[in-house]
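We've got the same protein chain twice here, in two forms, each standing alone as structure tokens: structure 1 and structure 2.
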Structure 1
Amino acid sequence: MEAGVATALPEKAGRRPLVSRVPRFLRTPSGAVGATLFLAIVLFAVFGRLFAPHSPEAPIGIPGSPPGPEALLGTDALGRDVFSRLLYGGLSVVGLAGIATVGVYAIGVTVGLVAGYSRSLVDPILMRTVDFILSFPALLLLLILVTGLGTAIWVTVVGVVIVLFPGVARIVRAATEEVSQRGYVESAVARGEKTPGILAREILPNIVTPIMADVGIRFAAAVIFIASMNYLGLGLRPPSSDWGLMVSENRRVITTNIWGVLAPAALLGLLAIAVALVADSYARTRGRSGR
């Protein structure tokens, strides 16, 4: 064989060294701060209840008392320990938003892949449905669903999925359509690979980046919607411990104990900021216009 050319193509210097396994977007200052904060709040929300000094539902003193030795952050509008309720009240936000986000991506990616790859009527039908959902203000859609289906937390979670999946579906559809015109996908079609195989092997791995780019934003949106519905009293109901619910319940006693409102509001705010920082860092290291 013509060895001349073969040797002239130089062997590239080894494989990439396994430098740091930490992704680049977590190595920027805002990414690192955001990720640490996020992790801290999630740990607080999931495991905090193990350290609660009191039951979250039993009154321990006069409603609206300021912080004291018994109650680190005082008592709430019904005389329960704010700190204990705070330790219990994050799981609903983080957990439900997490479940909703998983649902959003399961449906959004499936719909987007099918619509983007299909050359038939399936595409316009799916995408018109998506357009239709997007023609409502999101919160209004949630309120309409609650009116029809009654106040229950599962209605809110399903509603959040319905409201958020169209955004994912649109992105996935556009990416799928673009990738399916690439040479390697056409080669796969020409050699007769089956459609599910093409979607799974050739297309899906190559649209992971645009899909992942918005996970943070969607999760943050799920947090906001679920917390807001709880705040309005249309999701979780008393006596559940939930940060959103706490903010509205304790409004009555802010003049005597500001912590009943400030602490859960601050945690929700920090959670949202943490996610936003990580998402922003991700977008910037991917060279989008965030720079």
Structure 2
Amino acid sequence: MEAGVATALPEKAGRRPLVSRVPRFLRTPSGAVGATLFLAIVLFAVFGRLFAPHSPEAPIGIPGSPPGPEALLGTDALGRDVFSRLLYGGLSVVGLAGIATVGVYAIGVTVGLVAGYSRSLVDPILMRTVDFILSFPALLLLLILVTGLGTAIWVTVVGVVIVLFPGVARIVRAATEEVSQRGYVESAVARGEKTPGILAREILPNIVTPIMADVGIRFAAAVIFIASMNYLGLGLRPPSSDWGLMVSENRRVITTNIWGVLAPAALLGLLAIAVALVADSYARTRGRSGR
């Protein structure tokens, strides 16, 4: 090789910049903000109790005291540290709402897929059942279930699933009806593929966008319903630490220490907003990419 002639080293193939490995929806402003906020709240809820300065059940001062050196957010209606109860109270909200949301989509997606793809009497039977459930006001249906089955927290979770899955089923059914008429589905039928395989491999991956666009709404609704039931004393019971329960317990001392109500209510709102931002960003970027 002649002197002075530089040889360029070939670039390593298959290695992408770190930024490009991040999913597209997390690179949008709303997706990044929503994911960061959601992660922060989840970490706060899961690990916050490790940093609690006081026991969440032991009184440390005069009930309804404003923030001070011993209590960063003051005390609640029973003299307990609001900040410590806030650190303990998020796990129940995130965990129960997450379990309820998984149940909502497990049932709603299954019902919607079967109803939308079926060409038999199954479709009207399933959808009339869905319409019957939707005819009840959500909170009234929850109260009926709690009255009949008791105030155990599993009753609240099951009730939230029953209240929310019909909306998911209707969305999935409409999307399934549209996708099932496309050529690749008809080709799968012509090849003799079984119905479960067609639903799982041909239809479900192509209706992910409307499903994901709806996740934020359902999760937010689950958070609100569970917090509302706890607020009414029909879910978790005192002395449990729960953000919804904290709002209910501290109403009577709101004039002396507003943080007992404002802090848990703000975290509940931020949690719902964070999930909605992530789900909406995912749906938008997936819709633009056509995948």
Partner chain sequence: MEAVGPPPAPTAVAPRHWRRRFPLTAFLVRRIAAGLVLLLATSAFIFFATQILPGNVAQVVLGRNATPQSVASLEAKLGLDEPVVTRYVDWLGNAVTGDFGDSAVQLGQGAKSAPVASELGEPLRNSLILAGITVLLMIPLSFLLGVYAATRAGKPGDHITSLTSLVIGAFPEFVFGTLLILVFFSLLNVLPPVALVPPGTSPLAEPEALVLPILTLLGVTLAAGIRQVRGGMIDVLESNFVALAEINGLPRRRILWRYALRNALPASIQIIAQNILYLLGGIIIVESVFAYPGVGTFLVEAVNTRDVTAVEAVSLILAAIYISINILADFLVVVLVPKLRTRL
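Here, residue number means position along structure 1's sequence, counting from 1. Think of the rigid core as the biggest set of C-alphas that the two forms share within 1.5 Å after superposition. Values in this document were obtained by computation on a predicted structure and should not be read as measured data.
Between the two isolated copies of the chain, the second is the form predicted alone. Once the two forms are overlaid on the core, L270 shows a Cα shift of 2.5 Å between structure 1 and structure 2.
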